[in-house]
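Quick heads-up: it's one chain on its own, the form predicted alone, in structure tokens.
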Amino acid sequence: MTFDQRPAVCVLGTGLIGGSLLRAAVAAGYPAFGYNRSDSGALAARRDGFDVSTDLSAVLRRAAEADALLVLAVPMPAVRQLLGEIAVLAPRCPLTDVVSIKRPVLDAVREHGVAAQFVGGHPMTGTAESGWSATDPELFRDAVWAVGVDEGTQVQPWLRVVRLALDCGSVVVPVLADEHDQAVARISHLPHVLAEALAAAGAAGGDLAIGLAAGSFRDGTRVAGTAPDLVRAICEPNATALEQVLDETIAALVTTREALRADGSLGDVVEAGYRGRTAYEQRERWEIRGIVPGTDDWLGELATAGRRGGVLRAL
């Protein structure tokens, strides 16, 4: 596909992720437009030269006429309402999302009868800021973008989602919805909860503790600066997986406390943590090659490759 042939993209929700995606898509040469619920958000986008409306019905009719790729870029609690409108006004449009969990979105898409064109997506990027004013067309540069390969995924919408992710500067990791949600509970949702607990513990120490706080407190609490309602919208829909990893983490902390009581040591947690951080710093992403979408067991092969650390850098 040449630069001039990029198909239309319609972003539904122009907050940090959706708005940044709209900016990135336009910068990459896509004819792109969007919807935002709030007048202020839509107006801010239009002032910056982007085509954003608060009229959802009109936006969806336009998307249907253009065969635009619809991108759900709203918190999970708002997904079902949007899907209800999409099922009526743009049911044949290819559809993806940027929601931080995948299984509940996939289930909702199936319930609304638009699963045939759906491909789950989750760019693993963001900041503690929110709203149009925080958007950045470079937000996805060198980021990992999880793209679904669940049973029933169709080739053409999958290719459109992957191309968009790649054109925004990301690398693509093929994932199954349930495995994605289990993984992000560990590396995204648990860090949010721990950052909140750490920030609260620091504040409980009063002015002296906060006055002495430096790099370790700053880095450990960075995501605690995210608006509480947004944290809830990100983490709470993944409650089952998050509960499991919280249980594991609490057990590790209890073991550490008992070791301190017994002999004044931190036990195994320091070594285990060091190994985990080292694994993160030394991770190697190998490029997935030779799997042709639409042939044989392409979905299963891509899921296996993504599970083993493979990424797509090109199609």
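Predicted model, so just to flag it, every value in this text is computed and none were measured. Counting begins at 1, following the sequence as shown.
Keep in mind that the form predicted in complex with another copy of the chain is missing from the display, and what follows is about it.
Enquirer: Report yes if all three of Leu56, Val88 and Ala134 come within 4.5 Å of another copy of the chain in the predicted bound form by some heavy atom, otherwise no.
Expert: No residue of the spot touches another copy of the chain in the predicted bound form.
Enquirer: Taking the shortest heavy atom distance, is Arg163 within 4.5 Å of another copy of the chain in the predicted bound form?
Expert: No - in the predicted bound form, heavy atoms of Arg163 and another copy of the chain never come within 4.5 Å of each other.
Enquirer: Evaluate Leu246 for contact with another copy of the chain in the predicted bound form, applying a 4.5 angstroms cut-off between non-hydrogen atoms, and reply yes or no.
Expert: Output for Leu246 is yes: heavy atoms within 4.5 Å of another copy of the chain.
Enquirer: Is Ala116 part of the interface with another copy of the chain in the predicted bound form - any heavy atom within 4.5 Å?
Expert: It does not: once another copy of the chain is placed as it appears in the predicted bound form, Ala116 has no heavy atom within 4.5 Å of it.
Enquirer: Taking any heavy atom pair closer than or equal to 4.5 Å as contact, tell me whether Gly264 reaches another copy of the chain in the predicted bound form.
Expert: Answer yes; at least one heavy atom of Gly264 falls within 4.5 Å of another copy of the chain in the predicted bound form.
Enquirer: Just one of Val79, Leu159, Cys93, Val144 has a heavy atom within 4.5 angstroms of another copy of the chain in the predicted bound form, so which one?
Expert: The option sitting close enough to the partner is Val144.
Enquirer: Under a 4.5 angstroms heavy atom criterion, identify the one residue in Pro75, Gly169, Pro104, Gly220 near another copy of the chain in the predicted bound form.
Expert: Going through each option in turn, the one that passes is Gly220.
Enquirer: Taking the partner as it appears in the predicted bound form, which of 22-30, 35-43, 268-276, 59-67 has residues with heavy atoms within 4.5 Å of another copy of the chain?
Expert: Result of the contact check: 268-276.
Enquirer: Counting only non-hydrogen atoms and a 4.5 Å cut-off, give the residues of 213-236 close to another copy of the chain in the predicted bound form.
Expert: The stretch touches the partner through Ala213, Ala214, Gly215, Ser216, Phe217, Arg218, Asp219, Gly220, Thr221, Arg222, Val223, Ala224, Gly225, Thr226, Ala227, Pro228, Val231, Arg232, Cys235, Glu236.
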